[in-house]
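This text opens with one protein chain seen in two forms, each one given by itself as structure tokens under the names structure 1 and structure 2.
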Structure 1
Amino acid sequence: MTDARIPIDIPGHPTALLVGHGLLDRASGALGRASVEVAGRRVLLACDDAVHATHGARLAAHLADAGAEVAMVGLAASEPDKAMPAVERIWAAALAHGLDRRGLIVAVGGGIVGDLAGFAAATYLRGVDLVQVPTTLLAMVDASIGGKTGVNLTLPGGGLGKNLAGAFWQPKLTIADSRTLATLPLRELRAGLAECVKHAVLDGEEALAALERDAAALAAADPDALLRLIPRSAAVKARIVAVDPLERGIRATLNLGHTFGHAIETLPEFQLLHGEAVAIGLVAAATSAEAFPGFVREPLVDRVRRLLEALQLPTGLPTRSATPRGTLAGEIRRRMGFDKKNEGGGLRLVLPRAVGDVEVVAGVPESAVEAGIRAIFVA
């Protein structure tokens, strides 16, 4: 099967995403064609602990065979661990391995590891080369694309603020080996599909209809359906970040579902994966849009909910909880106040007017925000 190459034409920093089967065993050749030579170069692999001994070790052996001097550092891939001590761990490993400004850091794992390794690469010696090797669906279609890196911060009053410290740092290349998805737990693979729903809503009717047709196969992790989906979904983000690499405008629409999703993702009693929180956030955002008088041209709540359910993703939190619903709703609203898109102390939400028509909106009526929060809870 032919590899797919999705160009990401960042002004001044052109890069690309390669998608194919068995790419880990061909990584040095792919890097060489992207003018990233590894022979004689010191390379640090920052690996998710879950794939350190498998995909990480496989890639390390391949790069060593190609003449690289390779070292590895393992990282815990959890939101509480996505913090500065993990970045310092990468810096320390880079120093111990003798990485100079010609060094290369390779992120191997999901979005958390990609963000940590990317932030370390952006700041070590004021910047060394980075390659992303995503091994989760979410990272392949979304998190590894566009150069966002960073860590979480503890919020005033408690809770985690998602990605509130970081930098933009473009990888020289992103290599997505679909074979790695065979080892991904089904729950985590399905969680990545939430970002694909987001991309389809942004892209338009053809993309959303294609996702609806393949929903059952994707929920079952069908390899052929995934290979159809990954390049199509990733290309949506690639087009948007190429136009707005520093998120000064249209790129913020990629946060559809994330203002609500980030607010509930780190609620400790639910233990949601990022994509699961985004799925719930997509329903909440569509609900807010419909509750905003005169905003929508095409109601999307029911269609989005049906698609997420077909993909075996959650569309709301259970109301059965040790914490009262009113308390949870208040905490969600408080955390939304720390979202990165907010300006001048005011909340900004990404809301869909229709399929293919999504906007960043300031001044959303509080009644519409509250409607979205109510939609987060299901009986």
Structure 2
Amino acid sequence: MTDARIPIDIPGHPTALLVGHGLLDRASGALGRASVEVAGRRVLLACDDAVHATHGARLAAHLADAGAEVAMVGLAASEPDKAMPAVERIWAAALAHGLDRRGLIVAVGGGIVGDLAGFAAATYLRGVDLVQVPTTLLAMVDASIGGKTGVNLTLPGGGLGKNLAGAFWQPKLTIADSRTLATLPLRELRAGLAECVKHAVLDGEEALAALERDAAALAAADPDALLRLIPRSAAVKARIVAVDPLERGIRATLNLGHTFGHAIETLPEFQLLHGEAVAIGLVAAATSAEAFPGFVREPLVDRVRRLLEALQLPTGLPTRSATPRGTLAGEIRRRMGFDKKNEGGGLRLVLPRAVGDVEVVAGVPESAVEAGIRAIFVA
């Protein structure tokens, strides 16, 4: 199968995503074709500790064979570690390796390492070239596309403020080698599938039907099914960020399922992965849309729920929990009030009218919001 190339036409910074099996072994050629020279160049691989000895070492050896002077820095991929000390470690490694303005930073890992290394590249010597090598499904179809980079900050009084400092910095190229997914834990892979469901709902009937056909194979991490899915799903985000690179309008539709999702992701008693919370959020958003009189053209709740179940993703929170349901529901509603999309004190939700027709909506009736929250508890 030939590699897929998805153009990402950011105004002023056109870039692309390559998707293929075994691409890391062909990386230098792909970089050369994208005018990213490696021969004679100092290259720093900022590498997720979980893939350092495997995919990172393989890429480092390949780039060294192609004539690059390669150094590596290992990074822990946890949200508390996605903070300034990790960026400083990358800067220090870059200095130690003698990276000058012609230097290149390559991010090898999931979204955490991509955001950290991207921010380090945006700021080191006021900006050096960046290449993204995503190794999780979520990073391949979502986090590595669009140029958002950043770190978490500690909130006044404690707690993690996610992605509160950062910069837009476009990679010269993004290389997604589906072979790296063979080592990704199945739970992480399935969490990435939730973002693919979101992209398919944004994209349209054909994309959603394709995902439904391949659902069982995808839930089992079948390599061929993944290679069919990744370019198609990534292209949805690529198209949207190219139209709205700075999130002034349509890019906000990529938050479908995320207002509910963010509110439940950090509830300590459930320990959900981001993608799992998004899966539950997608059902909640579709439910809110249906409970909003006159809004939907095509009911989606049952279809989305069936697909998520086929992908082995959660569609609701476990009904038995130490905290009473009413208390949890109140806490979820409170947290939704802090969503970044809100304006002038009013809640704004991303809701589907139909497959391929999704809108950011202000003034959603409280009864519809509550219906979405109730759906979260029907596991």
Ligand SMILES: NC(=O)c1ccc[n+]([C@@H]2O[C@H](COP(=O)([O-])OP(=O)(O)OC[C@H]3O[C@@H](n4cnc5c(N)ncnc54)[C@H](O)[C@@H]3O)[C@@H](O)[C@H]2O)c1
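This structure is a prediction, so every number in the text was calculated from the model and none was measured. Residue numbering: sequential along structure 1, first residue numbered 1. We call the rigid core the largest set of C-alpha positions that still match within 1.5 Å between the two forms.
By the stated condition, namely the form predicted on its own, the first structure is the one that fits.
The Cα position of Leu351 differs by 2 Å or more between the two structures after fitting on the rigid core.
Once both forms are fitted on their core, the CA shift for Phe168 between the two structures remains under 2 Å. Remark: with the core as the superposition reference, the CA shift of Glu331 between the two structures reaches 2 Å or more. Core-aligned Cα shift between the two structures at Gly157: this is 4.1 Å.
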